[in-house]
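Next comes just one chain, in structure tokens: the form predicted on its own.
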Amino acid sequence: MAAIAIPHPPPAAPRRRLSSWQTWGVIMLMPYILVFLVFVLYPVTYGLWLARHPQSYRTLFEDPVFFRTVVNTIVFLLVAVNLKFLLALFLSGFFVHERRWIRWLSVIFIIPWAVPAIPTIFSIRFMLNPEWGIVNSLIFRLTGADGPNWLNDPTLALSMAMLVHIWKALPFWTLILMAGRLAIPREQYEAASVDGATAWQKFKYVTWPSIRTLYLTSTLLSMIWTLGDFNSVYLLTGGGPADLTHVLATLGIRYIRLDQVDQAMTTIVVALPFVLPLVYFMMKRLSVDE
């Protein structure tokens, strides 16, 4: 009986070594990986570990300041962000005109976004001082009546914080929408003019379809950034009066000043349900449009 030959397995392919360029690439990436682990992954993990106790959430939900803060945050997002983008949409159409005085005006318009936030917001706080601020001084000279106590009324204080946020961020988003408008071929507007289209019809049928994706995506991104906007509220009102103008970005500082670090971390975790849906819808819109 003939012997049956047993096939031998093929020899294993030799392991490929990294080339010199790949080796240097890995070496150059190591500092970035180290920075990510130390300054991103570790703080987030440590914060989640501090907020692991259910008692922290019960204490947070029982704090009346927390529910007022959630309402303030929702109002801040809905009012400030939408008003900011409506103004940015209008101003982007104004600043795209090719006139020299408009270009010089646009340079001045960008200044609030370019200058540091801390001195500018503090200067606005001084201007709103009810006793010696320039705003109430002008009101008294023009009307003979005392101006309102801007930062001691919760509604006025939160409104002023939203106006400061709009004033600081409006130039940036106006530039973004201007870039979207300038990317539209001029021939489309010329063809619309030949057809007798009005300014509103040009915007409705030419401008808006071209920048709609940019507008909506920028709005979602701005909402995410606004959730983390600490300066506009804290530097202007400090969360006062009586902790009635806090938003989620500033509430954590209140707990830290009270030596309640676990409560501060819990506040950050509670803010995630606001952030994650916005990130999801933004990425979904980008994927669909792509």
Partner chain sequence: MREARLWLIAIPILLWTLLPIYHIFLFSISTKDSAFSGALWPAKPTLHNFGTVFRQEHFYLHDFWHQIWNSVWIACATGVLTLVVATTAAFAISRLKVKGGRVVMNAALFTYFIPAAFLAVPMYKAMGTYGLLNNRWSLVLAMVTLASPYAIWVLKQASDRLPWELDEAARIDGATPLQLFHLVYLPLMMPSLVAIGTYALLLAWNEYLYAFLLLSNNIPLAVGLGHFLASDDSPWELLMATALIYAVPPAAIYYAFRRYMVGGLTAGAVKT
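The model shown is predicted, which means the values in this text are computed figures rather than measured ones. Here the rigid core means the biggest group of C-alpha atoms that line up within 1.5 Å when the two forms are laid on top of each other. Numbering follows the first chain given and starts at 1.
What follows is about the form predicted together with the partner chain, which we do not show.
Novice: Heavy atom within 4.5 Å of the partner chain in the predicted complex: which of V194, I134, A145, L78 fits that? Just give me the one.
Specialist: For this set of options, the contacting one is I134.
Novice: Just to confirm, with a 4.5 Å cut-off on non-hydrogen atoms, which of N152, S159, T120, Q188 contacts the partner chain in the predicted complex?
Specialist: Result of the distance check: T120.
Novice: So in the predicted complex, is the partner chain close enough to V71 to count as touching (4.5 Å, heavy atoms)?
Specialist: Although the partner chain is absent here, V71 would stay clear of it in the predicted complex, with no heavy atoms inside 4.5 Å.
Novice: Using a 4.5 angstroms cut-off on non-hydrogen atoms, would P209 count as touching the partner chain in the predicted complex?
Specialist: It does not: once the partner chain is placed as it appears in the predicted complex, P209 has no heavy atom within 4.5 Å of it.
Novice: Is L105 close to the partner chain in the predicted complex, meaning a heavy atom pair under 4.5 Å apart or at it?
Specialist: Judged by the heavy-atom cut-off of 4.5 Å, L105 is in contact with the partner chain in the predicted complex.
Novice: Using a 4.5 angstroms cut-off on non-hydrogen atoms, would G228 count as touching the partner chain in the predicted complex?
Specialist: Yes, G228 sits close enough to the partner chain in the predicted complex that at least one of its heavy atoms falls within 4.5 Å.
Novice: Relative to the partner chain in the predicted complex, which residues of 96-114 have a heavy atom no more than 4.5 Å away?
Specialist: The stretch touches the partner through H97, R99, W101, I102, L105, V107, I108, F109, I110, I111, P112, W113, A114.
Novice: Aligned on the rigid core, do the two forms place the Cα of V275 2 Å or more apart, comparing between the shown form and the other one?
Specialist: No, its C-alpha moves less than 2 Å.
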